[in-house]
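Consider the single chain below, provided in structure tokens and representing the form predicted on its own.
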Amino acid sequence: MSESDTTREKIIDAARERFSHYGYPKTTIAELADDCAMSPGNIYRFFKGKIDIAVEIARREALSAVEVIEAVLDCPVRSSRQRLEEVVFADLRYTFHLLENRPKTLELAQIVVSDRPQFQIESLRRERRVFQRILHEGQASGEFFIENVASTTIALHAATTKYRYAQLFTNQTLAELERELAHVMTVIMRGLMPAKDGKPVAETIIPPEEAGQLANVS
């Protein structure tokens, strides 16, 4: 890592610590500079403003969430239904615990989304690619009956948006959200999968959290 990269990481680490403890609004560039033992002017060499540091932190958190759900995709011997269900539950649990363990992260996320709407658009695209991959695989295997994967991906993503950074939308507990999400996924699966012998597709069962050990956030 170059000296420039090291300095940039030092600024990001200091900002993450201050944002988590004091909150974004109460943190100043001068304070970050003191934490990093540098001048405010040196901070501006790497970031145009405080919001740009916040966006970088939020970007990394979003990428971590995507890595969590991609890890579920790499689990062997899973049907497309199992992969899809485990992905949405893993995403819910990861982001719920993230905001639960770092309350100021919710405030930061709201500020970034409000100030930089393009950030949210890019995050949505990354998440949709995961859904699209599962739907394509399910369509190819004949497990899912889908006429248009692209439009189905958009609909699926919209239907599960509440369960991604859930505290942005609701004060429900994780257990309440999981039960609700199970009902939502049952409806979705019955739309994606053909009935067998005239019987509706079985209800979604909430997967155990320890299955992928993906929800631990320090």
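Treat the numbers as computed from the prediction; the structure is a model and nothing was measured. The first residue of the shown sequence is 1; numbering continues from there. What we label the rigid core is the largest C-alpha set whose atoms superpose within 1.5 Å from one form to the other.
Although it is not shown, the form predicted in complex with a further copy of the same chain is what the next lines describe.
- Interface membership of residue 161, defined by any non-hydrogen atom within 4.5 Å of a further copy of the same chain in the predicted complex, is confirmed.
- In the predicted complex, a further copy of the same chain lies farther than 4.5 Å from every heavy atom of residue 59.
- Proximity of residue 174 to a further copy of the same chain in the predicted complex falls outside the 4.5 Å heavy atom cutoff.
- Using a 4.5 angstroms threshold between heavy atoms, residue 152 counts as touching a further copy of the same chain in the predicted complex.
- With the partner omitted here, the residue from 9, 17, 203, 209 that has a non-hydrogen atom within 4.5 angstroms of a further copy of the same chain in the predicted complex is 203.
- This chain appears without its partner; in the predicted complex, the one residue of 184, 51, 66, 36 with a heavy atom within 4.5 Å of a further copy of the same chain is 184.
- In short, of 142-150, 90-98, 77-85, 103-111 it is 142-150 that has heavy atoms within 4.5 Å of a further copy of the same chain in the predicted complex.
- With contact defined as any non-hydrogen atom lying within 4.5 angstroms of a further copy of the same chain in the predicted complex, the contacting residues in 189-203 are 190, 191, 192, 200, 203, given in sequence order.
- If you fit the rigid core between this form and the one not shown, you'll see the Cα of residue 172 move by 2 angstroms or more.
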